[in-house]
Ligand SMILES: Cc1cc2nc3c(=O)[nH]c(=O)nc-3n(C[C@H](O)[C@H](O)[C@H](O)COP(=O)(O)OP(=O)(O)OC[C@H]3O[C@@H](n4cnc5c(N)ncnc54)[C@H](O)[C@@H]3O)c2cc1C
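Let's start with one chain on its own, the form predicted alone, as structure tokens.
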Amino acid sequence: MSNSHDPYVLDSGARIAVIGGGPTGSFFSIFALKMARMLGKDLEITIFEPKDFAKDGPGGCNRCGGIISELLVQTLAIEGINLPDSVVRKGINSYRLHTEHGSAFIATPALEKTIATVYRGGGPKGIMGDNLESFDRFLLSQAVEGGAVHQPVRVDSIEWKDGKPVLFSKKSEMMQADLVIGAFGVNSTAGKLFHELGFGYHEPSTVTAAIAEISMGEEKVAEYFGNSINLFLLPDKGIKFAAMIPKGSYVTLCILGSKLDGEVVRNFLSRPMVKAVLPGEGTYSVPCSCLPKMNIGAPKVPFTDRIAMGGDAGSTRLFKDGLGAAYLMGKAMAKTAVFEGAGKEHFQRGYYPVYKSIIHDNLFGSVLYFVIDQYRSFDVLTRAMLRTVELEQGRSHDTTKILSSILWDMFTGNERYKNVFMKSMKPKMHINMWEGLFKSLFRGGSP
């Protein structure tokens, strides 16, 4: 059947360039190749990624927290992408919530809501050895096994020629593509290339995060952290929240906020409440830290004819579940390109609804984080929150545990923000909060 009436339909032999070999680029490639085979088409996909995800230390680092939900693990398994044990560093089944007014333990609301920790890149220098693999390297290898070609070079220029994008590296032409997928991170310089093409794309708005690796050995990680993430809600205006995430012999520290600088990690680790969850000074070290950018605002124009942007370069989840968003975006772009075409109208019809749904969901997330900001900023609200969680966790017969479930879902990738928001509107939630407020004020009752 001829598609000559539509020049943007991708037929056999169509050439697709994917700029960025992280999760979004790999997911797109995996699904595009699989879907094309369903239609009897043979696409030529080249992934341009200069970073070596098998290399530990800065050369292979992807500067992120590295949390993956059990829901996504199960979804990938259904898709035929089975995450090997060598990728997972720790299974997480609980949070320990710390505030200036005390701490609370939050167990996973259900077994299917557990999460796992991974290294997106190679991790801290010296840890990559036998039976260890990074998440991004695994996904990229899956894309290559599916038929994609990995080119470890950096694209530094894109031009139009005969209505198609042409990619260059060091002034040498590499390929003319029928479709270019922008799947790079916000810490990359690639966004400038697409901005300069003039179709309306602007790089996402960002905030600075702080990431550090704390080395203390596997035994101490197990002793002090177990299978829990330690989450800190502090009254500091500059810090929205911080998390310590156990990963084998290391703990990854992620601090999210505004106006973070090179001293934020040292200052954070010197706080008494933080010291209380760590082994004694001298028994751990911080071999590496960085200040990466995080996407907090999706570009309004994420595509044009023969170009589409996804993942951190486009629309992603606010402050969490970037891997889940990469899966959704990568698959949606692939489905549109293969089954509909690579034109602007095709992406508007097939891809943009998924893209926009994450933006819409993030609006609910913004409201929820604003509410959490109020709770961490006012002593009485912080105490009420802690007391409510203690009461819920102490009631074994209570299967709802609404506030505990809300806090769990806020900081994992198991629920959309909209669903969390709707849960927060339940009358029982507010009754429990008033009970927690009353008991925190008068210190009455027992959990």
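We number the residues from 1 along the sequence you see. All figures in this text were calculated on a predicted structure; none of them were measured in a lab.
Beyond what is shown, the protein has a form predicted together with the ligand; the following relates to that form.
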Of the candidate stretches 213-221, 316-324, 196-204, 263-271, the one with residues having heavy atoms within 4.5 Å of the ligand in the model of the complex is 316-324
Looking in the model of the complex, any heavy atom of Glu70 within 4.5 Å of the ligand? no
Using heavy atoms and a 4.5 Å limit, would one call Ala242 a contact residue for the ligand in the model of the complex? no
Touches the ligand in the model of the complex: Asn362 (any heavy atom, 4.5 Å): no
With the partner left out here, check for me: in the model of the complex, does some heavy atom of Pro292 sit within 4.5 Å of the ligand? yes
Looking in the model of the complex, is the ligand within 4.5 angstroms of a heavy atom from every one of Lys51, Val153 and Ala183? yes
Quick check on this chain: which one of Ile358, Ala332, Ala209, Leu234 has a heavy atom within 4.5 Å of the ligand in the model of the complex? Ala209
Heavy atom within 4.5 Å of the ligand in the model of the complex - qualifying residues of 55-83: Asn62, Arg63, Cys64, Gly65, Gly66, Ile67
